[in-house]
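One chain follows as structure tokens, the form predicted alone.
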Amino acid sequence: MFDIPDSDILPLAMEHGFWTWSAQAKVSPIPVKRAKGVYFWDVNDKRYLDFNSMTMCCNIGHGDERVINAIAEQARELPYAAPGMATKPRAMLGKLLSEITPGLQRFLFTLGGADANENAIKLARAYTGRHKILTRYRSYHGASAGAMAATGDPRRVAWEPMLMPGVVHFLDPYRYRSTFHRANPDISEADFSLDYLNHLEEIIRYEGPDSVAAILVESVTGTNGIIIPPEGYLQGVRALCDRYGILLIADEVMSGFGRTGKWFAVDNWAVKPDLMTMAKGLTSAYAPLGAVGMKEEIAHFFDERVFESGLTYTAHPISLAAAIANIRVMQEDRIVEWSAAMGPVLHRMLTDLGEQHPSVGEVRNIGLFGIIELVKDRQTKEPMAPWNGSSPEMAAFRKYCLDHNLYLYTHWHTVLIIPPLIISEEQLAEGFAVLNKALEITDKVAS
């Protein structure tokens, strides 16, 4: 297909590429050649077990011919149509999404998660006539200016103050490192939820409820900790939104499409958001696509008002075709149900691993969405790497995994376990065998 040998991929990419999230002189990319199932291969035919679904997005795994064929067929029939046109894949995907999302009937298609979140914010501000957006400090909502402003973690700070105004942040219900409960770690789950809901309501009151358009939350916090909301929390956020006339935006970019053992993470708590953003698993990354699902009344608000937004590639037919095929694969192969069944398997493996290694402070998962928190001291919970930083131990841990054919994502002091949802118990065990040896590195500094 391309007129360069495999050996030229890395040097040419390094010579001409500019790399995101990286200091250019320090990048060391893997030159990927092909991928299939839960594995991918580099140009030297080294096989990696993909424990991160590439970028937390290849939910159905790599190289599924059903999706590839759907993309090819769409490209032959109609590779592009203007955003203002109706197409067969646009009609079909909207219907499919209305059947699997929690009470959402209308869908705005975007290029990815960041602009899905930006459009959700625009919709909320226009619909309510209010301007403030409340999001959490451990959230990540995307790298464009508005989505980055909504992001709570340090990736936002590098670009301040030239970001979208009107965002107020609040704390996540993060039990392992709870700000409110250091002296009372055994507090009941109900009281724990209530304390964080009271914290949120206090912020709403301080900011003025009449100025708050929406509360935007990752249904399950993603890269910043796989923080699973305690029972009653999301229901309580929904109730606060209803009490004060605030819209609830659920960011399901990472947690959606089977990742948590349900079609969407909010389904675990029977919570229906007013707007919901999607990407990643929407196409399993076979083509770029995002979406904003909304309730009918929000869409009807624009019946006579112009929605002043859109991009050239909005509702791109090839991406829509990929999403349709992806959802059908998930339905035909019962992948959401498989993720739910594998959740307890992953939990057992994480728990067993933690019991063997003193550097493991806590493990968490919901479905195939898991994390290992590494600490230097279990009593003090001192993290293995500082906030917004790394450490020699974490660097050595990740290098060991890569050297031994396991691809995963480490974030500060945590190790994320987010494999393709088709993974088997045997393949999980294959990855955990590598993790077991890699943790000997971090155990040396743990007590």
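Numbers follow the displayed sequence, beginning with 1. Note that the structure is predicted; figures quoted are calculated from it, not measured.
Omitted here: the form predicted together with a small molecule. The next part is about that form.
When the small molecule is considered in the predicted bound form, only one residue from 112, 229, 293, 261 comes within 4.5 Å through any heavy atom, namely 112. Distance criterion of 4.5 Å from any heavy atom to the small molecule in the predicted bound form singles out 254 from the list 254, 318, 215, 93. Stretch 135 to 143 is the answer when you ask which of 135 to 143, 341 to 349, 305 to 313, 355 to 363 has residues with heavy atoms within 4.5 Å of the small molecule in the predicted bound form. Proximity of residue 284 to the small molecule in the predicted bound form falls outside the 4.5 Å heavy atom cutoff.
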